[in-house]
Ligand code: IPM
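Read the single chain below, which is given as structure tokens and is the form predicted on its own.
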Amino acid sequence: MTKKYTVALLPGDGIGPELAAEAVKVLRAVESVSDVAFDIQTGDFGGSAYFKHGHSFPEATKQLCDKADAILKGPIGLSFEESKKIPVDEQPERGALLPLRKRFNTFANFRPVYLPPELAHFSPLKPHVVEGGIDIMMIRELVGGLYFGKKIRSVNEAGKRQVIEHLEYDEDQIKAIMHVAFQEAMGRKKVLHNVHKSNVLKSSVLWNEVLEEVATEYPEVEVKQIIVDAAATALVINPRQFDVMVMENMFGDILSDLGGGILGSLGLMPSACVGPEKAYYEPSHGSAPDIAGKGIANPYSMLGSVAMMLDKSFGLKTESRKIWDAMRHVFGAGITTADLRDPEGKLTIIKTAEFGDKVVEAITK
């Protein structure tokens, strides 16, 4: 019996529609080799949605997402000049992305920092540092902390402009992300690095207290403590020491982008944003309006997000692995897109749609 799933596809801005087209192509390829069907329904989201509807997260798109089994989102955001044409509260990040996270309480962000051995040459790090490849899962709490706390802009008693932003976490929020992190560690190497700043921030002191309480339920997992700035240094000097890392919202935002840097491109970083009932999947990079329409964007992060959706939302682990293996096959054949470094000029550079075609070919074979 054919398994059927409804996917809300939000192409987004900039290169988003180009990447979304490759995602659809790959989902159709999966259908052709598996007993599964995807009802893909497209909705407007982001800056382009604002100019079309007056809202960056229109009501029709909200209803589409509510009914879908999972959400697949392209990058959002506009150029600086275009963004200034949109009211501050409707700009894509504030008016679309944060409300999407809040609507579905997608509190757990999974960001794989993955570079198999044969692709290690993409990394800007020295060969001996990345020898054997990199395989890290960063888990970021996504709906708390400084980004979601109260924000006040005012003038102080001295007549100076000031801003006050609140960093807020409660123990239930921390406990929820810790369970996710420990469960992920149990399925991998049973080692969990806890990233914090408890030498300065009281929020980190509470974070660590709750971690210690949750850890008693996972005695097989070894917990390693690391201060966030030390973690940044260690990711560059010896990334292979890490397996699963857990961190609060802002730390995760910064360190996951550093993860893209050690791989050689944010174009190699898909992500999953998971809530109690629903998840959305998206590339970790931006919408790159400067290259939109040129057909040169790397679709890897979008296709990796498709693979994560098949696995985490639909339980289609075999089909998910086919996508990962297909992309690894394409890169292994010396084929890539223009964003990835090729200092020796040995790689074949292809365009966005061609990369998608190569992945489809590998899946269907």
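Don't overthink the numbering: it's just position in the shown sequence, from 1. All values reported here derive from a predicted model rather than from experimental measurement.
Missing here is the form predicted in complex with the named molecule; even so, the following discussion is about that form.
Q: Find out whether any non-hydrogen atom of Tyr147 is located within 4.5 angstroms of the named molecule in the model of the complex, and reply yes or no.
A: Within the cut-off, so yes.
Q: Does any heavy atom of Glu93 come within 4.5 Å of a heavy atom of the named molecule in the model of the complex?
A: Yes.
Q: Report yes if any heavy atom of Glu248 sits within 4.5 Å of a heavy atom of the named molecule in the model of the complex; otherwise report no.
A: Answer no; every heavy atom of Glu248 is more than 4.5 Å from the named molecule in the model of the complex.
Q: With a cut-off of 4.5 Å between heavy atoms, is Leu119 one of the residues that contacts the named molecule in the model of the complex?
A: No - in the model of the complex, heavy atoms of Leu119 and the named molecule never come within 4.5 Å of each other.
Q: Only one of 129 to 137, 166 to 174, 94 to 102, 212 to 220 gets a heavy atom within 4.5 Å of the named molecule in the model of the complex; which is it?
A: Careful reading of the contacts points to 94 to 102.
Q: Only one of Thr106, Ser284, Ser204, Ser123 comes within 4.5 Å of the named molecule in the model of the complex by heavy atoms, so just point that one out.
A: So the residue touching the named molecule in the model of the complex, by this definition, is Ser284.
Q: Counting any non-hydrogen atom inside 4.5 Å, which residue from Asp253, Glu184, Glu82, Asp243 sits next to the named molecule in the model of the complex?
A: It is Asp253 that has a heavy atom within 4.5 Å of the partner.
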